[in-house]
Each structure stands twice: as C-alpha cells, then as structure tokens.
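Below you'll find only one chain, the form predicted alone, shown as structure tokens.
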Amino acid sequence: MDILIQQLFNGLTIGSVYSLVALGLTLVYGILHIPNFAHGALYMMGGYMTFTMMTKFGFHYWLAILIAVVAVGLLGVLMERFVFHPLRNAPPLHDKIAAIGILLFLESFAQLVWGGDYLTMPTPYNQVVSIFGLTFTMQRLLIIVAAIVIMIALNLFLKKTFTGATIIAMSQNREGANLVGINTTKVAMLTFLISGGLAALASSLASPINLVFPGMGHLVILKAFVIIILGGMGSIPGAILGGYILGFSESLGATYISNDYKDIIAFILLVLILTIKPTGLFVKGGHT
C-alpha cells in the first residue's frame, strides 16, 4: 500500500508538470488554431533561463522563475508577431513548418550558448518531509501546490475578468469577436504570452528533479500533444485532466509493469482513447 501511495504522489507530480505544459499548448490551439510544435523549445528555454539566473546572477529561485516566465512569455509574443501572425492567411501547413523551424533554431541557440551537457538546477527546497510514515521531497510538493494554484488562477482569470472573457470569445468565434470590437491582435499576443509563461513555469519547477539540456522539450511536447488529443483539442479542462491521467498512468505503469515502457504508455493511451472516442474525452465536437 505504501508503494501505491508513493507512486500516486509521483503521478500527481508528473501530471502537474504535464498539465501546465499542455495548458499553454491547448490555449494557443484552442484560440488561434495553431499547433505550436515549438512549445517544447519554450519549455527548454524556461529551464535554461531559470538555471542561468540562479547560477550566474545569484538570484533566488522564485525571482529566477519570475524572470524566466516573463522572458519566455515575451519570446512567445515575438514568435506570434514575427512568424505566426504573418502566416495567418497562409495554407495550414506553413505555420507547422514554421513552428518546427523555431524549435530547431532555439535548440541550436541553447546548444551554442549553454553547450550540450546535462546541467543540474539547484533548489532551496531539497528537504525531505515525512507524512503518515511516507517520505516526500519538498520540491515535489512544491510542484503540485504551485501547479494547482496556477490552474485555479488561470481559470479565474478566464472566467472572471474582462480580458479573460475576450480570450474565451475569440476562441469561440474570431470574426465575431472582431466585429464586436475585441482587439484580436492583442488577444493573440496575450495568448502566446500566457502560453510561453506556463511552459517556463513548468520547466522551472520540474528541472530540479530532472536535468536541463537542449533536448529536454522533445518528449514533453510529444506527451503534451498526446494530452490535448486525449482531453480534446482546445479543451482547457481536458488538458488538465489529461495531464493527470497520463502522469498517474506513467507512474503506476513504471512500478507495476516496467520502467522501460513508461514513455510508451502515453501512446498506448492515445490509441485506446481515440479508438473509443475520436474527439477526445472532454470535447463533444469541435473546439471549446
């Protein structure tokens, strides 16, 4: 029983990271209908930014995360302005190719600046706590709590604020939102800002328990796409729940089946759920 509870906790930790990454990806797809394959590169840049702020400039962990979130969010805005916005009327294949180009460019940039070595990010939360006889690290608890707080805050922002309402309106009908006076250009930039910030936050929280390296976004972006397909393309609740479903599945699968098959579980789940419900688990049809 102790092993089961420990693995459920690990699944909650992994699922929290996946959900944050998938949230940013599904926001961009749901509102702008852009499958941003470069989202994994934003995740990678967030890890490097936080690592650099802490080790080179001596900033505190939280201040380094804040700087990384803002910097990567602005990088997302630049991507929207200089790449995706000019391609808004181009054939659908063009923005996908452009996203892959950005991904390769940012990975090469990271390799040039930071090198190809695996880096270990320090954290002030290395303590181990014991709860009901089970041991947990503070960093993993921090990931879970921070992810839940961010998800609640994002939900309140989208549901309770005027700016959030404009984002929802644009996701439902971009032309209609434009007709009623919503500045769709600003909403598109804000969407990429939030998306980049979420990717940076996820990597900054997860890097102390993993590693920082140029290819760190590869597997994460593949799984994030699996999650938003599982949950339903463009569905925010689907992205959150899909992230946790995948996190629990991987954690339990690694323990009770084999750690070697951990990463394959995501794609087995994808095939099973698409066979049963092709639109995803939380979408009745089309975009939310």
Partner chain sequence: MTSIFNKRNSIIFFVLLSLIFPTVVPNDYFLYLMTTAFIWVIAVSGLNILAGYTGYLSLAHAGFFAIGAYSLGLLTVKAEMNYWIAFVLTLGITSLIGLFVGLIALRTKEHFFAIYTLCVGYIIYLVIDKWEGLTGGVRGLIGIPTPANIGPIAFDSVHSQYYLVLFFMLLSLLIIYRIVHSLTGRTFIAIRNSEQLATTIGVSTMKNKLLAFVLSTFFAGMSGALYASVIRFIGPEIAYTSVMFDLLMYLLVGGIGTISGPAVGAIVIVWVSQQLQFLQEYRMLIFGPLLTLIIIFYPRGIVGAFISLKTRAQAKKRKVPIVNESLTPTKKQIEEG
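Throughout, rigid core stands for the largest set of C-alpha atoms superposing within 1.5 Å between the two forms. Residue numbers count along the first chain shown, from 1. Predicted model only: the values in this text are computed from it and were never measured.
There is another form of this protein, the form predicted in complex with the partner chain, and it is not shown here; the text below is about that form.
Are any of the heavy atoms in G181 no more than 4.5 Å from a heavy atom of the partner chain in the model of the complex? Close contact is absent here: in the model of the complex, G181 is far from the partner chain, nothing within 4.5 Å, heavy atoms only.
Flag F37 as yes or no: does it have a non-hydrogen atom within 4.5 angstroms of any non-hydrogen atom of the partner chain in the model of the complex? Result yes; F37 sits at the interface with the partner chain in the model of the complex.
Is it the case that T135, even though its partner is missing from this view, gets within 4.5 Å of the partner chain in the model of the complex, heavy atoms only? Heavy-atom contact with the partner chain at 4.5 Å: absent for T135.
Using the partner position in the model of the complex, report whether P92 sits within 4.5 Å of the partner chain, counting heavy atoms only. It does: once the partner chain is placed as it appears in the model of the complex, P92 has a heavy atom within 4.5 Å of it.
Have a look at L103, L190, M151, L158 for me and say which one sits with a heavy atom within 4.5 Å of the partner chain in the model of the complex. By the 4.5 Å criterion, the partner-contacting residue is L103.
4.5 Å heavy atom contact with the partner chain in the model of the complex for all of H33, V83 and I264: Yes, all three are in contact.
Looking at 241-249, 44-52, 62-70, 254-262, which stretch has residues with any non-hydrogen atom within 4.5 Å of the partner chain in the model of the complex? That would be stretch 254-262.
Taking the partner chain in the model of the complex, which residues of 103-117 have any heavy atom within 4.5 Å of it? Contacting residues: L103, L104, F105, S108, F109, Q111, L112.
Flag for A266, CA shift 2 Å or larger between this form and the one not shown after aligning core: Superposed on the core, A266 moves its C-alpha less than 2 Å between this form and the one not shown.
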